[in-house]
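Form predicted on its own, single chain, as C-alpha cells, below.
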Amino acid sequence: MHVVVVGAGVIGAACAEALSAAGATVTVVDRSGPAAGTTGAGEGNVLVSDKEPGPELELAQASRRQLPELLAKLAEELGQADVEWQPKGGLVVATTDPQPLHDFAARQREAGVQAHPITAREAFELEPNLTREITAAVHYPEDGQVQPVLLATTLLSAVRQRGGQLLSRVTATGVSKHALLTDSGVIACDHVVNAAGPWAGDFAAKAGAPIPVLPRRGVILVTTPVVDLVRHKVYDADYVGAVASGDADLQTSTVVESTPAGTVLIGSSRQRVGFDDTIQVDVLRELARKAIRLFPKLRNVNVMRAYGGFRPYLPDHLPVIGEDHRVPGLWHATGHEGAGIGLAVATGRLLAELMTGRTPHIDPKPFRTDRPGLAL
C-alpha cells in the first residue's frame, strides 16, 4: 500500500510515521519543507489541562500516554530521538474568582486527568516567582513540552529510514483516482492524506471534498535567556475559555514557560485574520503586559524576538481524522488548531488504524468527515 501524505508538519509526520510502522510505503510532500508552517511557529505544548472532557481530551490523553513510548522506540530505531521532551507538568492559576477553575478541574478528574488543587503556598513552592495575587491554583503533572520542529523531523527520519521519502517544494493541486496531482507531476498511490494544516481547506476544495478549515493566527514572544524564572508551563485560567472560543476577534490569555536554552516563551493570542502575517505591536504589548502580571520579574527581562503562525481552526473545535465520505481514497488529518503537537501521536495512530482496518484505540466517530459540525 502506497500512501501520500500532504503536509510535513507534525500531524503529517505523525501520520506518515504510524503508516510506515504499519507497513505502508509512504511519500510525504510539502510545498515548503519539514515543519515550515504551523509546526515551526508553535510552542510545543503537550497539554491535557486545557481541554473539557470529551473527544478532544480523550485524544490528548491517548497521545500523552503514547508519546514517551514512541520516543523510546524511535531512539532505539534511529540511534537518537532528542526532541527536548520535558514532562515538567503544568500549573493553572486564577487571579479572580477561583470557583470556575475548581469546577473545571473537578470535571477533568472525573475524566481521568490528574488535576490537583493546591494552596497558594504550594503554588509558590512550585513557582517562586509567581505573582502573589493568585486566588487558586491547580497542578497538572501530566502536562509537558517538546521542541516541535525536532519532533516532526524525528518522525520523518523514521519514515525515510523505513524506505519512505520526503518531497519538499512540491505543491499538491488535487487528486484523481489512485493519484495525487502536484505542480511537479502525478504521484500514483492508493491513498492521499490531507494533513496540510491551515491550508487543508484549500487543498480539500481542490480535491472535490471541501471542509471548513480556516487559519487562526497566534503570536509568541521569546525573551533573552534567564535562570530559573519559570519552572513549569504556567497559564492563567482564562486560557481555557480562549481555546474554546470561536470568536474571530483578538483574544489573549497568559501562557508562560521556559525552554532548555533558558529563554521564556510568552503567549498566547488567537485571531482570525485570514493569512495576514503582519506582526501587530498592540498584540505583543498585550501579551507582555499579561505575562508581567503573572510573573512580575519579567518586567526586567528583554524580549529577543516575536514570531507568529497560523493554526487550522474548525468551527466545532474538533479535528477531522478519517476517510472522506465523498472522495474514495482521500483521508483528512487536520483542524487541531493550537493543540496539534499534543494530539499528533494519537492522531497518526488512529488514522493508520482506520486505513489498515485495525481496531481503533479510541472512538473515531467524533472526528469523522460527515459530522454535523463540518457541514458547509
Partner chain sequence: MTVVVVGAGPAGVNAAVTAARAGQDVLLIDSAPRIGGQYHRQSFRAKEIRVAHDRVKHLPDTSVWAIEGNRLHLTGSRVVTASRLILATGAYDRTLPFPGWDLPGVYTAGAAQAMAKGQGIALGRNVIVAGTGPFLLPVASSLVDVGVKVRVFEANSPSQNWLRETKALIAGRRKLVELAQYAKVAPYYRERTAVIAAHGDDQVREVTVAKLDQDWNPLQTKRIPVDAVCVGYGFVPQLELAISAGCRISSGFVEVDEDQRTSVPWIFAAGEITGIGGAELAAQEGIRAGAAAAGVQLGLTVDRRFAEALTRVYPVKKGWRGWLTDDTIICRCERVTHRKLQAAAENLTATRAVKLASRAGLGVCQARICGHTVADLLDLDPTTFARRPIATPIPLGDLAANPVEEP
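Given the structure is predicted, the values throughout are model-derived calculations rather than measurements. Numbering follows the first chain given and starts at 1.
If you look for the form predicted in complex with its partner chain, you will not find it shown, but the lines that follow are about it.
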property	result
Close approach of Ala188 to its partner chain in the model of the complex, 4.5 Å, heavy atom	no
In the model of the complex, Arg121 touching its partner chain (heavy atom, 4.5 Å)	no
Heavy atom of Arg107 within 4.5 Å of its partner chain in the model of the complex	no
Close approach of Ala72 to its partner chain in the model of the complex, 4.5 Å, heavy atom	no
The single option of Ala204, Ile266, Ala196, Val92 touching its partner chain in the model of the complex, heavy atom within 4.5 Å	Ile266
Heavy atom within 4.5 Å of its partner chain in the model of the complex - residue from Ala136, Leu298, Ala200, Val234	Leu298
Joint contact, Ala36, Leu150 and Ala261 to its partner chain in the model of the complex, by non-hydrogen atom at 4.5 Å	yes
Stretch from 113 to 121, 299 to 307, 126 to 134, 95 to 103 whose residues place a heavy atom within 4.5 Å of its partner chain in the model of the complex	299 to 307
Residues from 164 to 189 in contact with its partner chain (non-hydrogen atom within 4.5 Å) in the model of the complex	Leu166, Ser168, Arg169
